[in-house]
Structures are given as structure tokens and as C-alpha cells.
Ligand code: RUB
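Take a look at this one chain, the form predicted on its own, written out in C-alpha cells.
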Amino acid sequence: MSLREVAHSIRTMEIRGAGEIARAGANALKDFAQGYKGKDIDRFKNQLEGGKKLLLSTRPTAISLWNALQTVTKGAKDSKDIEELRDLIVANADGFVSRSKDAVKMIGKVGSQRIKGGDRILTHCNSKAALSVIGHAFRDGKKIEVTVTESRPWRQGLQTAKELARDGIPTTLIIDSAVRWVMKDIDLVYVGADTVASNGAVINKIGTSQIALIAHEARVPFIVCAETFKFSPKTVHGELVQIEERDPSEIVKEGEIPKSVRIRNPVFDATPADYIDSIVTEVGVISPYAAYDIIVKELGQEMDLEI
């Protein structure tokens, strides 16, 4: 796909999930660089920046995409000729995609250590990292059961249920509003993340914060699974995470309710660090309050924050 086609697919949710979005963005810049036929290095750099801005505009909440594109273009300003810049973009993109895939596998291995045979797990939306943990535990021979929320309005939970059932894991699907009703039967909650802020707050699929509050009330450990590229350097510098709102048509059809009724469709919410037991990353299990340390150590603060 062209860069614009990738951007459209991300915006329309054909490509979704923080990791998938990040890898799609990285590969889109790589493909653009490989296909560039011009001779002007400055024009090449300007078009790369334009493509970067276009991709970033598609999902403003997903820091994974921002980190991916920052990684892919790191060092681009210093490139002296087109071939050098093209090779840099390709190497950076391939490196990011490889590391991000390896991160999901490592999270599965690390996070599954918390799971015991007989545990009943609840998950929300469709997190590849959380599914990696659950799948790893099941393949290790642990007899587990998983409850999956429907995850309105896009119902990503149905995809999660299909993947779990395909792997032979006993699975139950519930509507989002049934979480408090089932929490008494749950031992652990595993969810993914779109963004982890420097104060340990986690931005994830709408409804996550309510699940965390219910788990806190029931004294059920609430565990977040997040690759380090989902941690936000922007929040270190005081920038607030922008919560994306999408079109009301995702919730109601034309004519279902009076036009005078205002409809809001936030995609994400913020879960405070106080309600998070731990965050599983590819570099280990951390307290949510250690998020700042991860940002400094793994991502650094030298990144260009203008975009």
C-alpha cells in the first residue's frame, strides 16, 4: 500500500492495535523511501516529514505510532545524500519492526509467570501483548479460563475470543457492562495499553479504567502488558495525552435518535497508576511508578518533540 493508503487504513480502523499501527507506520515510511525516485535530498527529507505528519494525524492518542516514526527517521536530518538516507530509513524500520515483534514474545514469557494453573483471567479489547501472556501460560500446560469483554463499539473482543478459541483456551464472552458481575469469579486481569504516561497512568481502550476500578474494589490484580515503545516521552515534558473521539455513527445509525441528542464516542480512557498492580514489558515487570525510568532508559529524552 502507498503511504496515503496506509494512513487511510489506520484512520478507518482497518489496521488497529497499537503494535500493528506502529509497525504499519514504520513499514509505510520504509516503502516510501525505497520507492523515492527523485534526486533532491532536501525534497526527499521534506516528503518524509510530510508522510510522518500524515501518519501521526491518523491516531493522535497512540504514542506507539509516534515512537515508531521517531525511530524510523532518527538521524535523517544528518544524512548527506539520498542513498544514505534511504538505507538509514530502511534499516531503522526493519530494526523497529523486528524489536517490536520480539517484545510481544518476551512479554508473553515474562507475564505468564504470574499465572497459576486454575486461574480465571479477564481481558479487554484485543491486545496482542496480553494475548501473548495468556497463550504462553496455556502452552506451558496451565489450565486457565479467560473471560473476554465485547469491547464496544468496534467489538474487538470478538476477535480476541476467536483467537483464544482457535488455540483451544476455554473462553467466555461478556458484554462490557457485565464486568462487575463477573469480577467475583476472576483471579487476574490482563490488558494492553496504547500509551503509558510518565506518571504511570495507562491510556487504553475505553472501558479499561472502569475494569481497573472494579478489579481494585474486588482486590483482583490488574496487570498491564505494554512494549516500551508505548511509553510516552512527550509526557515527561508536560504534554497531556490527547483522548481521541471518533464519529458518532460508530454508536448509533442515522435516524435512531433525535438530532438534538449529543453523542460522544471517546476511544480511550486513562487508568491511574494507583489501580495498576504492575506493567509487564519486554525488559521486565515494573511498578507503574517506574514508567519515568523506562522512558529515560529505553527511549531517552533527546527525541525531537516538535512533531
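From a predicted model like this one, the values you see are computed outputs, not experimental measurements. In case it trips you up, residue 1 is the first one in the sequence shown, and so on.
As for the form predicted together with ligand RUB, it is not shown, yet the points below apply to it.
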Decide yes or no: are Leu55, Pro60 and Pro233 jointly within 4.5 Å of ligand RUB in the predicted bound form, with each residue judged by its heavy atoms? no
Within a 4.5 Å heavy atom cut-off, is Trp66 in contact with ligand RUB in the predicted bound form? no
Closest heavy atom of Met13 to ligand RUB in the predicted bound form, within 4.5 Å or not? yes
Contact of Thr147 with ligand RUB in the predicted bound form (heavy atom, 4.5 Å): no
Under a 4.5 Å heavy atom criterion, is His136 part of the interface with ligand RUB in the predicted bound form? no
Report the residue, out of Val72, Ala193, Ala212, Leu122, that has at least one non-hydrogen atom within 4.5 angstroms of ligand RUB in the predicted bound form. Ala193
Val189, Val202, Ala129, Ile89 - the one with a heavy atom within 4.5 Å of ligand RUB in the predicted bound form: Ala129
Only one of 90 to 98, 138 to 146, 203 to 211, 167 to 175 has heavy atoms within 4.5 Å of ligand RUB in the predicted bound form; I'd like to know which. 203 to 211
Are there residues in 237 to 251 with a heavy atom within 4.5 Å of ligand RUB in the predicted bound form, and which are they, in order? none
